[in-house]
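One chain comes next, on its own, written as structure tokens: the form predicted alone.
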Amino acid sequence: MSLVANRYAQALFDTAVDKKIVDGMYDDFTVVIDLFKTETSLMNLMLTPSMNTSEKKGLLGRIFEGSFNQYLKNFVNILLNKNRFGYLMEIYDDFREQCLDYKNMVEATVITAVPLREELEAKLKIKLEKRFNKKIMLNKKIDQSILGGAIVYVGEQIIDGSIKAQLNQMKTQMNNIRLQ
């Protein structure tokens, strides 16, 4: 994270805490980010130097009219005024981390070869919550190349219980055995 993104994220987070709207701000900011991720042409337009700031503000004002809280609208306008709009995604990532910490949550991603059954998902969530002493926000992905089992990513930690990893480990062990 850049220092610029960190400072802007911290300012937005402090405002959300002061106004007691952390959840609402997080939800609104997520919708804004999702829009810019899906509509890359809109993001490119906002980063175009030939378009003046008032035009950009007008366009965003029409798009977001009545949809988001005033603090987030003001924040986006400040980014435009200060030519910091290019940091929007980084700011969001930092803001998101601060919100998760504030709510004593951590994001985990589980990758399985087949969809995870509800009871297994619940058990996994409970075990992860005990291990990390935080509420778990679980994202699920399917990757048939792992053959079976699961890979769990929590922050910087990886828990690899996939069959593919176990087979690779056995292969390495077999290659290291010297026949006498």
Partner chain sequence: MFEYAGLVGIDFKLLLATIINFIIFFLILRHFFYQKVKDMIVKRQEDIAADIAEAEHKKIAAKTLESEYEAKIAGIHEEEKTIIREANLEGQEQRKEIIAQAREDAKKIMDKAMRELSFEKKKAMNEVKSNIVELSLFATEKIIKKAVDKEQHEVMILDFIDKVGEAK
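Only the largest set of C-alpha atoms that superpose within 1.5 Å between the two forms is called the rigid core. Numbering follows the first chain given and starts at 1. Predicted model, so just to flag it, every value in this text is computed and none were measured.
A second form of this protein, the form predicted in complex with its partner chain, is not displayed here; the remarks below concern that form.
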Inset, instruction - Would you kindly say which of Lys135, Lys141, Lys123, Lys37 lies with a heavy atom within 4.5 Å of its partner chain in the model of the complex? - result: Lys123
Legend entry - Residue (of Met43, Leu60, Ile33, Leu128) lying close to its partner chain in the model of the complex, criterion heavy atoms within 4.5 Å: Leu128
Inset, instruction - Mind telling me which stretch in 141-149, 44-52, 22-30, 61-69 gets its heavy atoms within 4.5 Å of its partner chain in the model of the complex? - result: 141-149
Inset, instruction - Evaluate Leu167 for contact with its partner chain in the model of the complex, applying a 4.5 angstroms cut-off between non-hydrogen atoms, and reply yes or no. - result: yes
Inset, instruction - Answer with yes or no whether Leu3 is in contact with its partner chain in the model of the complex, where contact means some heavy atom within 4.5 Å. - result: no
Inset, instruction - Using a 4.5 Å heavy atom cut-off, state whether Ala11 contacts its partner chain in the model of the complex. - result: no
Inset, instruction - Using the partner position in the model of the complex, report whether Val17 sits within 4.5 Å of its partner chain, counting heavy atoms only. - result: no
Legend entry - CA of Arg117, rigid core aligned, shift of 2 Å or more between the shown form and the other one: yes
